[in-house]
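The chain below stands alone and is given as structure tokens, in the form predicted on its own.
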Amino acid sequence: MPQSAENIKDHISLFSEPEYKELLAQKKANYECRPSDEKVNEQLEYSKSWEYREKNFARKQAVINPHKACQPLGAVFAAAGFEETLPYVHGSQGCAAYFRSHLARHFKEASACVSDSMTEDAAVFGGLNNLVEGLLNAKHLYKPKMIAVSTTCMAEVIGDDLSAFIATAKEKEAVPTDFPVPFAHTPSFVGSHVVGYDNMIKGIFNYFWDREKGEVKPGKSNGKINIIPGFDGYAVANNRELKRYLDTMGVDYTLVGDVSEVFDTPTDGTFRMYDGGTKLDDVRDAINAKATIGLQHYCSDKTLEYVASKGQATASLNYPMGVSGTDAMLMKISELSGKAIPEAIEKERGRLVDAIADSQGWTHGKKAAVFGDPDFVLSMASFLLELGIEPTHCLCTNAGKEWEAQMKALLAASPFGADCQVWAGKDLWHLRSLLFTEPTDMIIGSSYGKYLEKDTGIPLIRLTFPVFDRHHHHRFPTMGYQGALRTLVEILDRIFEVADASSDISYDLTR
């Protein structure tokens, strides 16, 4: 055998050994019943053609590799950002395992989440008993200060009423009557994780402002600005960068749903099931803020509508990345808080502009395909235009007509956007056809783009959730001027790597 107890091989080298190559070849020949290699290659080549692209884009029902997750994932992520809060999934155990593993694989950090394990009997008779017993067990085992409940497909299909179920659980003393149990209905078969995030943030506000002690009227202003970061795989670093800006400006604020600690706990001998997060008393007091800003419009639409119904000023942005995106965020914060933008931050902006100018000879005229969530693609495309890069294909599976119109307006405002295309509601198999028929110099998205990279040979730059196959990207910001500088370096490194690999004629020491 190619390995022994004294010589343990990694799977990469192990499966390259002759024994395994022969084993896999026999499996392929005897059990897969596949067409010949020639026929397979013929079809692969056809799938790269314009004719196939037209057929691909004509499909109406089938979805192949959509770049989105389901609502409860966003709800679990949102709930994790509050003080000693336990995300609770009313549904099947397998769903909760998926949400936990998805977050753990990205953040390389344990993700706390429980489920009441609905099975066949609950699917027929309803999940009331599961929820009552689940809340009782979760409260006693994990001792949270709050349990935030979301739903999966099973609970939604049969119509479980979370408000009534939670009230019944409190009547049966599964949890004390004054114990916070906010909830959000998050059916997996509509919307996406960004909608689930929005629903949970709204549900938590709604609990403290309308349900805990009846409807609460706004009182005297506390002078604070509420900031809702949105669903963000780089929240660990981005939230810290955001707090640095706010502290430097002297702004009094509440960061609503702050996961920067719970998804980046230290290894120091102490296990932290909960760490950091927005204080529950700050959420109660958030109704008295001067204003609420959503940093990602498509992650906070319903929440901001609810906040506005309480008479509070609101504003929404689209993932503050790049020069103009960060400018818009800082100017809005300055406007609403009355605090000036200090010289130290203005100098950061100048350094970013200087870096862009230093490298414009390498970025100018390059073409990129961008995929991801609505706010990310908008902001990324805006930053690419600032760099002189053409965002040739902008694709977002979980977007609609509003986003499409916003994207087209952005591209129309720049000469670098003249030949760019917007693809709302399309999936990564659509993007594959686009890259073969109208190739770009780079792909910008998540780890799911690695299959496109391998198929097309176009280099992938990982800049959005999820990043499973690389480590610690989330520990460095993408928002703000410093985040834009880091993003610029990521893009330039891939450009230079391609230049170095393409020819010995230009294998230069200096770029």
Partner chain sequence: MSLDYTNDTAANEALIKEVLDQYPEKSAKKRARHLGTVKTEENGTPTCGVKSNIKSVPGVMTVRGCAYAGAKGVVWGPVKDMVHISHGPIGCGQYSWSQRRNYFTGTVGIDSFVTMQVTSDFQERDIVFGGDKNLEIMIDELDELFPLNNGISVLSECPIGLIGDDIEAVAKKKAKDIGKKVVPVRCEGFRGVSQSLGHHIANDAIRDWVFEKGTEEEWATGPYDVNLIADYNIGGDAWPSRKLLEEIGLRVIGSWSGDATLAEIERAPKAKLNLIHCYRSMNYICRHMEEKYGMPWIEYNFFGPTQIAASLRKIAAAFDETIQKKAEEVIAKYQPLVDAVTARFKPRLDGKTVMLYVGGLRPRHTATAYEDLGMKIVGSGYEFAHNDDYQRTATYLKEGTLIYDDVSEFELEKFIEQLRPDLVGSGIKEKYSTQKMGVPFRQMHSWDYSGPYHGYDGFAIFARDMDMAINAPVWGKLKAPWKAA
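Residue numbers count along the first chain shown, from 1. In this text, the rigid core denotes the largest set of C-alpha atoms whose superposition between the two forms falls within 1.5 Å. Please read all numbers here as calculations on a predicted model, not as lab measurements.
Below, we refer to the form predicted in complex with its partner chain, which is not included among the displayed structures.
None of 294 to 302, 388 to 396, 307 to 315, 97 to 105 except one has non-hydrogen atoms within 4.5 angstroms of its partner chain in the model of the complex; the exception is 97 to 105. Looking at Lys426, you'd find every heavy atom of it more than 4.5 angstroms from its partner chain in the model of the complex. Proximity of Ile287 to its partner chain in the model of the complex falls outside the 4.5 Å heavy atom cutoff. Not displayed here, its partner chain is approached by Glu6 to within 4.5 Å at the level of heavy atoms in the model of the complex. Of the heavy atoms in Arg470, none are within 4.5 Å of its partner chain in the model of the complex. The three marked residues, Glu133, Ile158 and Thr267, each reach its partner chain in the model of the complex, with a heavy atom inside 4.5 Å. Checking Val175, Val251, Met154, Leu280 against its partner chain in the model of the complex, a heavy atom within 4.5 Å turns up for just one residue: Met154. Here is the short version: of Gln93, Ser334, Ser221, Ser163, the single residue with a heavy atom within 4.5 Å of its partner chain in the model of the complex is Gln93.
In the model of the complex, its partner chain lies within 4.5 angstroms of at least one heavy atom of each of the following residues of 2 to 22: Pro2, Gln3, Ser4, Ala5, Glu6, Ile8, Lys9, Asp10, His11, Leu14, Phe15, Glu19, Tyr20, in sequence order. Core-superposed comparison between the shown form and the other one: the Cα of Gln26 travels 2 Å or more.
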